[in-house]
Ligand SMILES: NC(=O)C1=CN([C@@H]2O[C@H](COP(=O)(O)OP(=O)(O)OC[C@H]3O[C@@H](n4cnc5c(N)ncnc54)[C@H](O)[C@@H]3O)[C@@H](O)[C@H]2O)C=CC1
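Single chain ahead, by itself, as structure tokens, in the form predicted on its own.
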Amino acid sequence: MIISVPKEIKNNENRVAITPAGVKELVKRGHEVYVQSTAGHGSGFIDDDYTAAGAKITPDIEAAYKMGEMIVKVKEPVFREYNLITSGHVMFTYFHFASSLELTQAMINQKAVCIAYETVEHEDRSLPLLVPMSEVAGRMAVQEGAKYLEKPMMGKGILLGGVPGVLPAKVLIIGGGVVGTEAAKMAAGLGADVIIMDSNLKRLRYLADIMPANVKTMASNEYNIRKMIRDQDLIIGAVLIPGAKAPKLITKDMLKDMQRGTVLVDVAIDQGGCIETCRPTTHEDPTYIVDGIVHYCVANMPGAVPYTSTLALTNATLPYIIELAGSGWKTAVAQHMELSKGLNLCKGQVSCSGVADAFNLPHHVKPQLQ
């Protein structure tokens, strides 16, 4: 198969979809790999690294799309890329369709096969291609939250871990999945007073067993959320429903109950956000203020640490890329349940219930594998 890796052009997205090591694994299996010139520069990989591994370099994004049968990316295509995508393409990337009708409709119109990293799912319901970036985003949420608690950033002027004689910051994490767990580890390690909420009591029992003493667990419901937000310094939204829009667990009217300078980090912003007043921001302009509350809602947080993120992501995606390239997408999807879960759009048909429900679109449980 011919695999093509275009350069990411989303604002401040520095990751790349395949490392030179990944190229080498594909080439030695008989596949052709094209990489757009400078695609890996943001992650620390130069064109010579790719050519040494057996890739061919394309001069621009148009050539990258034209050459490839399977297009492997990190982030969803942006407007400039829509018309470069054809019905002959298999697209393998993060899509987060449920947060964008425009993107969903564009990919339906282009009739491409769209396999989304974020909905590839094992039998135990774990999400192997979302986990590495969730780990990065969860840890970054605390790192960024701590920064924006500083007074020059319009925060409260609180040091997350405090100092002897001064209490540490209070951190509320809503969601006990991978993002929430990693955020709790980081916040606890910095010495903060942490509460992690989830609606799954089994998960809370597990977290209570593994977390240090400065992390407490609490059932997630509207009453408890309204009660706890009143005196928190950093609130992290870490809720995920695979393939679907995130529920709005913090509403606009709740902001009046928060203290001025409280920082909100919505890690679910890729899926529409779990905080009503959040809208996607960029690393270039990451925050804004609503009712005195600092909102940090960067939609590609791991893009700020591209070397770490690229290696973590490609460690997870490469086996699936090899399978799709070796067997062909139809056979791979038919034989591997996790890849069938990843199939969101197929030749103009919506095959993911979360995407269909988000926009009231027809849902094809078994799309035509044309």
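The structure displayed is predicted, hence computed values, not measured ones. One-based numbering along the sequence shown.
Beyond what is shown, the protein has a form predicted in complex with this ligand; the following relates to that form.
Enquirer: Heavy atoms within 4.5 Å of this ligand in the model of the complex: which stretch among 296 to 304, 84 to 92, 105 to 113, 158 to 166?
Expert: Heavy-atom contact with the partner occurs in 296 to 304.
Enquirer: Looking at 186, 215, 172, 239, which has any heavy atom no more than 4.5 Å from this ligand in the model of the complex?
Expert: None of the other options qualify; the answer is 239.
Enquirer: Going by heavy atom distances of 4.5 angstroms or less, which of 194, 268, 72, 98 would be at the interface with this ligand in the model of the complex?
Expert: Looking at 194, 268, 72, 98 one by one, just 268 meets the 4.5 Å heavy-atom criterion.
Enquirer: Look at the candidate spot formed by 317, 342 and 351 and say whether this ligand comes within 4.5 Å of a heavy atom in all three of them in the model of the complex.
Expert: Judged in the model of the complex, none of 317, 342 and 351 sits within 4.5 Å of this ligand.
Enquirer: Tell me, yes or no, whether residue 200 is in contact with this ligand in the model of the complex, where a contact means a heavy atom of each within 4.5 Å.
Expert: Within the cut-off, so yes.
Enquirer: Consider residue 235 of the chain shown here, and say whether it contacts this ligand in the model of the complex, taking contact as heavy atoms within 4.5 Å.
Expert: Output for residue 235 is no: heavy atoms all beyond 4.5 Å of this ligand.
Enquirer: Should residue 133 be counted as a contact of this ligand in the model of the complex, where contact means heavy atoms within 4.5 Å?
Expert: It does: once this ligand is placed as it appears in the model of the complex, residue 133 has a heavy atom within 4.5 Å of it.
Enquirer: Since only the chain is shown here, I'm wondering whether residue 142 would be in contact with this ligand in the model of the complex (any heavy atom pair within 4.5 Å).
Expert: No, residue 142 is distant from the partner.
Enquirer: Heavy atom within 4.5 Å of this ligand in the model of the complex: which residues of 211 to 226 meet that condition, in order?
Expert: Sequence-ordered list has one entry, 220.
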